[in-house]
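Listed next as structure tokens is one chain, alone, in the form predicted alone.
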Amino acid sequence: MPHKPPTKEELERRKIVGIRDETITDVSCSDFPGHYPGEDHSWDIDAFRRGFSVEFHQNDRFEASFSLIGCDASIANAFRRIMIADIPTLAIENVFINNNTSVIQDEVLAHRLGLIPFQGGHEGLHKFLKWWRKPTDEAQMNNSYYDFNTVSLKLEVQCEHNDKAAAGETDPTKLYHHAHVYARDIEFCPVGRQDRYFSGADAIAPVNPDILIAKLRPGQEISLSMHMHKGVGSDHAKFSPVATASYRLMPVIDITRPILGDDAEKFARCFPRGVIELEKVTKKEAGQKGSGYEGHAGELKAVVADPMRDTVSRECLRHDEFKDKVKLGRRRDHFIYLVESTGQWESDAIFIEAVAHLKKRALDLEKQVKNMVR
């Protein structure tokens, strides 16, 4: 007996991870060959192209939110891991302390400096600057620094009394000069061809000039120089281009039976604001037999407005009045990303770079497989 092809409703059902009051259902992947008898689910590039899409919801310099629809969780997670750990950025790597009489130890001060995110000209950061390789011979260390692999910075700050401070003043920022040391006090020292790529608005500078580095009092001083190099987040978190890169599955809220009146208002309060809205039952809906709205014209009903705002807290499943009236789930092939850039990369460019990085890795793997076959 020939196999009957699945309906559109059945295909949609297979994409939903069910969420109940105490359990989660349908968590295992089912879109692989042989899972459903008589159905061919082998991967096909044309079918992938038809089902795949990218939708941006927010695209600012420091934050981007977008959806990847129609791909597998392994691919979605690969992008997330690449954005966190494999996209190179420039950060302070070596700190040469000449004098530090502040209360902050040298090691802690160097660590704080390393975590400050910097920005600069795009062409200089991503095309001109190359990787710095530590020489095996320590005696050759000073000969390994060039304009194309090292950026020099310095910090020279000394705290002194402010002779113009008002009598009785207690604010240390008014009593003293340089009572607080900020990221804006770091000075960029261009060498060689760096002036060509890092000048004016494109100069190397902290993303946020108001980052507090240390607090000083009269007689205390910080004098140091720094070297910046390219690195990746898998080596140290300071090289990660993102403050966070995460994704979640698209929530699904299916109201199976009408929720009206006071119950509708209570139902809306079970979700974050904007997920559920209240609308009046129209005369047309009230006149349809079997709709559940018969005789309720003008009453408020609960409708799903924006499921993307939902956090899937299951609060509605804890109330008896909503039993068998709502089904919660998540789409297994719809990933909502949130990418927060530290400032050196544009938030959307981080994802584009992750795509290019994954493509390069796939091509490298293809070459290795071909070499093995030979």
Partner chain sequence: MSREQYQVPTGSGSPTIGTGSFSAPTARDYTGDVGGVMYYMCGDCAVRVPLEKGAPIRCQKCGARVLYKERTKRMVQFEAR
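These numbers come from a predicted model, not from an experiment. Positions refer to the first chain, counted from 1.
One more form of this protein should be noted, the form predicted in complex with the partner chain, which is absent from this view; the next part is about it.
Among residues of the shown chain, Val95 is one whose heavy atoms approach the partner chain to within 4.5 Å in the predicted complex.
By the criterion of a heavy atom within 4.5 Å, Phe239 is counted among the residues contacting the partner chain in the predicted complex. Mapping the unseen interface onto this chain, Gly114 counts among the residues with a heavy atom inside 4.5 Å of the partner chain in the predicted complex.
Although the partner is absent from this view, Asp235 contacts the partner chain in the predicted complex, with a non-hydrogen atom inside 4.5 angstroms. Of the candidate stretches 177-185, 79-87, 100-108, 123-131, only 100-108 has residues with heavy atoms within 4.5 Å of the partner chain in the predicted complex.
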